[in-house]
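Okay, so here's just one chain, in structure tokens, the form predicted on its own.
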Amino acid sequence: MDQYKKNKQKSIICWVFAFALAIFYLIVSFMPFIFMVLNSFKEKFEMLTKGVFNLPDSLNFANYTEVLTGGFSKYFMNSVIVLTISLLLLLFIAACASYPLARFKFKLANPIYAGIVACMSIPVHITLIPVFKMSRATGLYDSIWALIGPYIAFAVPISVFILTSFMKEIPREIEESAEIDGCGKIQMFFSVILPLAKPGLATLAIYNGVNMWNEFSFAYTLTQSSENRTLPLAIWEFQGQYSMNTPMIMAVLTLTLLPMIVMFIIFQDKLVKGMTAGAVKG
């Protein structure tokens, strides 16, 4: 009985310690966001006169109104179009490449997989000039369509690496049962493998979606006119336009961050499943 009480006390202490660490991590993580949102409602010089950590005197929506009427929606729609098309094509290409690498046995499987994984080590910045020349040669320069190709190309290696490992954990008994029922390889891919790989695809969608949403280098190099630029460049341009109006910059950052938060809330359950898939066998 004494041993049971000691174990129970240790368990309670461990849970309290873990809970305290979780609360601390939550506070540290949310403080920048809360700081950004609160200051976005302040007047232009209110941060300078009353401190950056004080609550706003009133909820000033003029910052958001001016940002939304100042061309923000144009940048936002460009980012949404590029992100949607790039993600859909990326997930389809990664799934088509991962399926044979994970489920088929052929001599070139390992060399092809190693070559794809090796592409993860290529720095993005050394490709800016070649990609810039290529976009000029194809007539895609200074358009949102010039961003889709590079976004997909640089996201394919990590996506294939993750999705191949995920598909390898799918039980082969399911595939064998489908083959007995007369299911072909293509039908198997669309009817069996893809539905079972939804958690992995959701993980890739969130991971690559955040990277594409925040990407700056290619967007800055391959676009020139303001009507073809994306949200990271909007932040850059708004910062130059409202350099002395910090609450306005905070409003721009808040509006830019909200779609990613909504996306994470919608797909958070699939993200957790995708990250923990294969951790437990049996």
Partner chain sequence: MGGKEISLEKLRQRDTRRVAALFLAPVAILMAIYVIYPIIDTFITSTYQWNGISAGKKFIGIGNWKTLLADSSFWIAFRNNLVIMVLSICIQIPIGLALATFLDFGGKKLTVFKVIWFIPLLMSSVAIGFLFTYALATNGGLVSTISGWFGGGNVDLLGNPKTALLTVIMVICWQFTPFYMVYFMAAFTNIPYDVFEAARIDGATRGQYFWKIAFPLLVPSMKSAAILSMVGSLKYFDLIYVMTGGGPGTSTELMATYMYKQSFSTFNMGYGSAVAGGMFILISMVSLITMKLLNGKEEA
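Please read all numbers here as calculations on a predicted model, not as lab measurements. What we label the rigid core is the largest C-alpha set whose atoms superpose within 1.5 Å from one form to the other. Positions refer to the first chain, counted from 1.
Keep in mind that the form predicted together with the partner chain is missing from the display, and what follows is about it.
In the predicted complex, F72 stays away from the partner chain, with no heavy atom inside 4.5 Å.
Within 4.5 Å of any heavy atom of the partner chain in the predicted complex lies no heavy atom of N78. Under a 4.5 angstroms non-hydrogen atom cutoff, the partner chain in the predicted complex has V52 among its neighbouring residues. In the predicted complex, S29 approaches the partner chain with a heavy atom inside 4.5 Å. Of all the residues from 80 to 96, those having a non-hydrogen atom no more than 4.5 Å from the partner chain in the predicted complex are I93, C96. Once both forms are fitted on their core, the CA shift for V262 between the shown form and the other one remains under 2 Å.
Relative to the superposed core, F45 shifts its CA atom by 2 Å or more between the shown form and the other one.
Once both forms are fitted on their core, a CA shift of 2 Å or more is seen for I249 between the shown form and the other one.
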